[in-house]
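Quick setup: one chain, the form predicted on its own, written in structure tokens, and binding and motion questions come after.
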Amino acid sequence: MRAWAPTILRGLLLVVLIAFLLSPGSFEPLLKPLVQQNAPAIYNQGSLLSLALLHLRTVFIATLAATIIAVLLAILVTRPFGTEFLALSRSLVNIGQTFPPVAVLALAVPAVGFGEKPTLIALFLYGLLPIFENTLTALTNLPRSVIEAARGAGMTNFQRLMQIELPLSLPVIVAGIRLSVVISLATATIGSTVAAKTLGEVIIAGLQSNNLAFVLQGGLIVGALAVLIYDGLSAIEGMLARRTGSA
């Protein structure tokens, strides 16, 4: 029973989240004590479901772009001809961690305007480091016996990369993506300060109107999404680790 408890809790969390997004009015009695008299307890300036989906879309696009660039950079610097670019690559992927997301947004808005684009830039830069470092670690710590066996079998460098190195590195790469996604889910909320459609709208509306219920529901939806996606990617990581024998 204890082994199944986390799974049951995650399933319950998923059911509650879906129910809230589809029918938030059903939860109004729970949130009513948190608001002042006559103030709305449920966010009423837009659809929570639409905002959640747009929030996830923004995070997905930014993470996909960060994954492609970070993995390609890690592959480059682990090849004999690209080792000299390691320091430069590390400097590039650290940009997002050096500048706060708010500063990135402020710099991006004059260049690309308000909306989703500056948010995507901030999330992309912020998500590069964990994916790059995990991919780099995975590619540089592969069993030498496996690589030598692949060479002995007559595989080309490209064949070794695609058929041996990347498949064996996938669990660690997914771990980096998992961390990047969780960071981006939380960071994306500030995108609403530059007119991006995210769940940050709910939190900002709550802060502006002193409505604790708005703040709570925006934060809890983001938190629930982060927990569920983190657990989902952890399960994928574990499955890949077992498949590659690195569990």
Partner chain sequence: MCQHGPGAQASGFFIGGESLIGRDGLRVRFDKLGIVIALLAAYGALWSSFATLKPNRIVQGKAGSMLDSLPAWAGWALIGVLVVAIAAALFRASPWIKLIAAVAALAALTLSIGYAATFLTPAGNTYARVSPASGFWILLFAFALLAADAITRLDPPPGMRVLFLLLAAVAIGALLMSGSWNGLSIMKEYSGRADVFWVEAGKHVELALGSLFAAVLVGLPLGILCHRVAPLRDGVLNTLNLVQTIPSIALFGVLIAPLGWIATNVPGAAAIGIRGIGVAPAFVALFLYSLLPVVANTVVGLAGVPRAANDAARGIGMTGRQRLFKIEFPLALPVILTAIRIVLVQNIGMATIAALIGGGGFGVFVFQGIGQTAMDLVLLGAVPTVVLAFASAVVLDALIEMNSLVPNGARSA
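Residue numbers count along the first chain shown, from 1. Basically, rigid core = biggest C-alpha set you can superpose within 1.5 Å across the two forms. As the structure is a prediction and not an experimental result, all values here were calculated from the model.
Although not depicted, the form predicted together with the partner chain is the subject of the following passage.
Colleague: Please state whether all three residues 81, 194 and 212 have a non-hydrogen atom within 4.5 angstroms of the partner chain in the predicted bound form.
Modeller: Affirmative, all three are within 4.5 Å.
Colleague: At 4.5 Å between heavy atoms, is residue 62 in contact with the partner chain in the predicted bound form?
Modeller: Because no heavy atom of residue 62 falls inside 4.5 Å of the partner chain in the predicted bound form, the answer is no.
Colleague: Give a yes/no on whether residue 133 approaches the partner chain to within 4.5 Å in the predicted bound form, heavy atoms considered.
Modeller: Because a heavy atom of residue 133 falls inside 4.5 Å of the partner chain in the predicted bound form, the answer is yes.
Colleague: With a cut-off of 4.5 Å between heavy atoms, is residue 100 one of the residues that contacts the partner chain in the predicted bound form?
Modeller: Judged by the heavy-atom cut-off of 4.5 Å, residue 100 is in contact with the partner chain in the predicted bound form.
Colleague: At the 4.5 Å heavy atom threshold, is residue 49 in contact with the partner chain in the predicted bound form?
Modeller: Outside the cut-off, so no.
Colleague: Here the chain is shown alone; which of 95, 162, 146, 153 has a heavy atom within 4.5 Å of the partner chain in the predicted bound form?
Modeller: The residue from 95, 162, 146, 153 that makes the contact is 95.
Colleague: With the partner chain left out of view, choose which of 31, 222, 54, 69 has a non-hydrogen atom within 4.5 angstroms of it in the predicted bound form.
Modeller: Result of the distance check: 222.
Colleague: Based on heavy atom distances of at most 4.5 Å to the partner chain in the predicted bound form, which listed stretch, 115-123, 153-161, 84-92, 166-174, is the contact stretch?
Modeller: Stretch with heavy atoms near the partner: 84-92.
Colleague: 2 Å or more on the CA of residue 87 between the shown form and the other one, with the rigid core superposed, yes or no?
Modeller: After core superposition, the C-alpha of residue 87 moves 2 Å or more between the shown form and the other one.
Colleague: Over in the other structure, so in the predicted bound form, do residue 141 and residue 91 pull closer or drift farther apart at the C-alpha level? The difference is 3 angstroms or more.
Modeller: Closer is correct, given that in the predicted bound form the C-alpha spacing of residue 141 to residue 91 is reduced by at least 3 Å.
Colleague: Knowing the Cα distance between residue 59 and residue 94 changes 3 Å or more in the predicted bound form, does it shrink or grow relative to here?
Modeller: Relative to this form, farther apart in the predicted bound form.
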